[in-house]
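Just one chain is shown here, as structure tokens, and it is the form predicted on its own.
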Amino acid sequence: MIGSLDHSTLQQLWWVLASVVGSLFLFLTFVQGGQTLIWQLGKNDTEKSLIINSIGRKWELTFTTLVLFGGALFAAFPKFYATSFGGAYWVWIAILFTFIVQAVSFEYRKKPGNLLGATGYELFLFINGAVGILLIGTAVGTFFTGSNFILNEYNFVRWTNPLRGLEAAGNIFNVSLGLFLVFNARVLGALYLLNNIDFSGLDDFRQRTRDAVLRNFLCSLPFLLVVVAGLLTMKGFNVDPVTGKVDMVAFKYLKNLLAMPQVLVLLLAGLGLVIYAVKQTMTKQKENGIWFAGIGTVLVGLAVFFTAAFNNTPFYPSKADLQSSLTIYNASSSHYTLTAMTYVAFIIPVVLAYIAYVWYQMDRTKLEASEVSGQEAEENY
């Protein structure tokens, strides 16, 4: 049955699968968000250890999902992978560096005689949570604003800006998307801590964590407004389905949302779930908001990825040469490769079920202060 699917259907299917993985990554950035809250919420060693042990049990999932997202794009859309990673390599090297120091920090923060001391490694965790997510959001923003590359007839990429991807930080839309993701990750991080930690006898710590949810949500709103306003008003890249010619079209992404009402529903439902999670956390003192906000973040992520690629839209447009822009059709692998990958993808539900089971086993009881008695506890994640 899968082998009978035409090439365009497989291309669309794999963009959906890659979008799901990328959106799950956005949910899992609660780990990075929690890392940026260590100094704000942790006023003593016990509180810091509770935060680090709580999020430290999940940091591998975030990194693995990011790698899986990159792997899916590499296998399904190799021309995008080669163009972006081969041209905008400074931004990807910077992102990779922030995740390397994250892994090192969790491993060595409390090792006896470590070179930098606990504070140095906590700084690395903050850099991963703030700078790493900012750069990822900025890179995703280029799906809408375009990048500076030219492809010749042999698909050799030439980047026209010496900053090699870092120049994307000069665009207010890209940076606003990145900052929105940073503050949203902080909201998710605080919500996760509320759900995962037993705050018995730590009422001040609980209240600081609850206040962090609202504070960071409010901080995210200006950047969200910039992103939404940009999507609704900016010119966008459009590809003619017959000739393959790429042109700039006024209100392109607004037209995409109107042409795909199901995507607009995903966007509105996702934002609504995040707002609902914050409201329930602050007004009714609920502690399960991470699940509503997490699902909402996934839905928003799906809406962003779908808007960037469907309805005759290049998902990786070129500002330097419109005709070099990449679509899910001219950047994908062959029909044979996508078919083989689709058969392999049947194991994904099994993997997700295993992750859900392990997650349940780790989180079925809340983390207590008695469990974080020094170095030994911090190595339990």
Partner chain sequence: MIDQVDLSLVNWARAQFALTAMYHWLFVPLTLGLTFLIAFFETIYVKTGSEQWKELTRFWMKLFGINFAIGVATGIILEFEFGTNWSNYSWMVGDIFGAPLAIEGIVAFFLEATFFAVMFFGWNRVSKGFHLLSTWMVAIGSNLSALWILVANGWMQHPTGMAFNPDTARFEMQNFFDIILSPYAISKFTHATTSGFALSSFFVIAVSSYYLAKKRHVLMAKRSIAVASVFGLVASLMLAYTGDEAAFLDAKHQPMKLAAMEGLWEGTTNAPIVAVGIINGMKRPGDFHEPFVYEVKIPGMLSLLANRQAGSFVPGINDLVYGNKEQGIMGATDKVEKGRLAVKYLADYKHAQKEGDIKKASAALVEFKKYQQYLGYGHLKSPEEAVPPVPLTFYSFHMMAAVGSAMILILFLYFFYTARGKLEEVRWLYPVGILFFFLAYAAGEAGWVVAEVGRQPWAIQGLLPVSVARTDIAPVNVKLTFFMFLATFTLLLIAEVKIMLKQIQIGPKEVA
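Since we're looking at a predicted model, the values are computed, not measured. Positions refer to the first chain, counted from 1.
One more form of this protein, predicted in complex with its partner chain, exists but is not displayed; see below.
Its partner chain is not drawn, but in the model of the complex it has a heavy atom within 4.5 Å of Arg158. Contact annotation for Lys235: none of its heavy atoms lies within 4.5 Å of its partner chain in the model of the complex. At the 4.5 Å threshold, heavy atoms of Trp90 reach its partner chain in the model of the complex. Within 4.5 Å of some heavy atom of its partner chain in the model of the complex lies at least one heavy atom of Phe63.
For a residue to qualify, one of its non-hydrogen atoms must sit within 4.5 Å of its partner chain in the model of the complex; none of Ala118, Gly201 and Val228 qualifies.
This chain is displayed without its partner chain, yet in the model of the complex the stretch 106-114 from 106-114, 141-149, 290-298, 274-282 comes within 4.5 Å of it by heavy atoms. None of Tyr81, Phe126, Phe310, Phe173 but one reaches within 4.5 angstroms of its partner chain in the model of the complex through a heavy atom, and that residue is Tyr81. Site annotation in the model of the complex: the residue of Arg164, Lys255, Arg215, Arg208 reaching within 4.5 Å of its partner chain with a heavy atom is Arg164.
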